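This document starts with one chain, in the form predicted alone, laid out as structure tokens.
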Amino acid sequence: MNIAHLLRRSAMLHGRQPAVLHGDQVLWTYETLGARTAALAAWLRTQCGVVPGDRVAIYAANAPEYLEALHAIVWAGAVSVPVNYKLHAKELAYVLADSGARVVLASQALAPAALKAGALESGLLVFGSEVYRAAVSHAPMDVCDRAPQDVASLFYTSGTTGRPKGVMQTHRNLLAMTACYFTDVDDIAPGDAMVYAAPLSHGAGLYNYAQVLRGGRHVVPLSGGFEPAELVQLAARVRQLTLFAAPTMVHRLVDHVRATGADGSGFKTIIYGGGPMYADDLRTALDTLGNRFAQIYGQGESPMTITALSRAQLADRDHPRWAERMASVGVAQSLVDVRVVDAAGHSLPAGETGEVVVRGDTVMPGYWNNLEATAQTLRDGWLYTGDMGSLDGDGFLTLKDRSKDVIISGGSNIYPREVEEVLLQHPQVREVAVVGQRDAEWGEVVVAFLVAGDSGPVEDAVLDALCLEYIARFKRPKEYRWVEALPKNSYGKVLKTELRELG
């Protein structure tokens, strides 16, 4: 089934309900959104020559048109290619060429960059232009039939190591992901809303399908991005607001609420994922905003669906293992099987660390035009995530680090997150990232990059003493480097590759 049927259904069932808001103002009802989407799909087919299976890229910052573009592409039977709008021109050119995008839908500000990167002027459709207005007023078409195994979207990985790979996400993958949202993450009630402060080209955009299915509201901030003060105001005005955010964004939001005393009751759910949420930060978030948090762990290769830590589990402070569970990423989502395996692919017992593998209807069929990478990642029916972790006896998964981030010093494995958790206990450490750097004697040594709090850096000896209180001596950093900011990509993930290059 084509996932576009979700919008077609809601356009009929929830036609008069508000669908898309820009700020706190309603732009379109579901009936209008459905009509504009069907018209844009027909324009792609009749005026742009798009046929089922063709790739259509979206190169834009968050905007109301982004949502109708996503749905129109699959409505027409094509494959969406949502492109990170912060990519370098060469990276954009690679994605457009590798995907073979026939058409590029772009915002006005980014249209020149799209042309420079190789998009043909005849295949460029610019949000808000006269041609775009004609496209969303075109005679509509019905949803194109697609098989569950047909590709619905190509998601290009961030490419921090080598060329980005195009993850093929099928209609079945996205429908299974949507089902998992309701069973494992959160329910959606009448009047609920999702605010898109994180890029729609990434995980935040994938969660639009669950909101569409239930007739929820879709809120695009006027800023188009993440501004804590704006989000708090939107929550107060729109109410029942759900946010998907990287941990760094949650940290900024919580800091704003604490500093201003703002009322956060307008937030219904804050879902975090995409990077480690450190224990102290999570405790502060729960103490500040209350029981509004849920965590998900996923990858583009199994979009948003490997494990989840529910609101109820985070709220259960009376559980004897609450602190351990809070530091985990939860349990396997309902439609997937998760295991931890050794180098030979054998399942490891509870408590032992190995690579996290997953299988199920959410797992991609492979990478676009990349058989070698597909064979490395998909083995014997399992997706090898590249993440290291351990399962406890109750099925809670605790991530250690990416396999490539594990530091091997003197033959011993050191997991950077363990060191980072300790260093963040110091009140003058605002952010930290731990990496391994080559060393002639030890193979690798531990180096910590730190961002100081308001009172500035502290002496190495103070941090050494803190580490020695909680972790083995060989795990403590051999060097502390204070920096103004940690390098991050547009999704808020720390770029440890860049930190290693500073050595």
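Note that the coordinates shown come from a computational prediction; the quantities given were computed from them, not determined experimentally. Residue numbers here begin at 1 and follow the sequence given.
Keep in mind that the form predicted together with a small molecule is not shown, yet the notes after this line are about it.
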Q | Region of this chain that lies against the small molecule in the model of the complex, out of 140-148, 397-405, 172-180, 84-92 [heavy atom, 4.5 Å] | A | 397-405
Q: With the small molecule left out of view, choose which of 268, 311, 202, 426 has a non-hydrogen atom within 4.5 angstroms of it in the model of the complex.
A: 202
Q: Quick one: from 295, 80, 333, 242, grab the residue that has a heavy atom within 4.5 Å of the small molecule in the model of the complex.
A: 295
Q. Given that the partner is absent here, does residue 224 sit within 4.5 Å of the small molecule in the model of the complex, heavy atoms only?
A. no
Q: Check whether residue 493 has any heavy atom within 4.5 Å of a heavy atom of the small molecule in the model of the complex, and answer yes or no.
A: yes
Q) residue 329: heavy atom within 4.5 Å of the small molecule in the model of the complex? A) yes
Q) Is there any non-hydrogen atom of residue 416 lying within 4.5 Å of the small molecule in the model of the complex? A) no
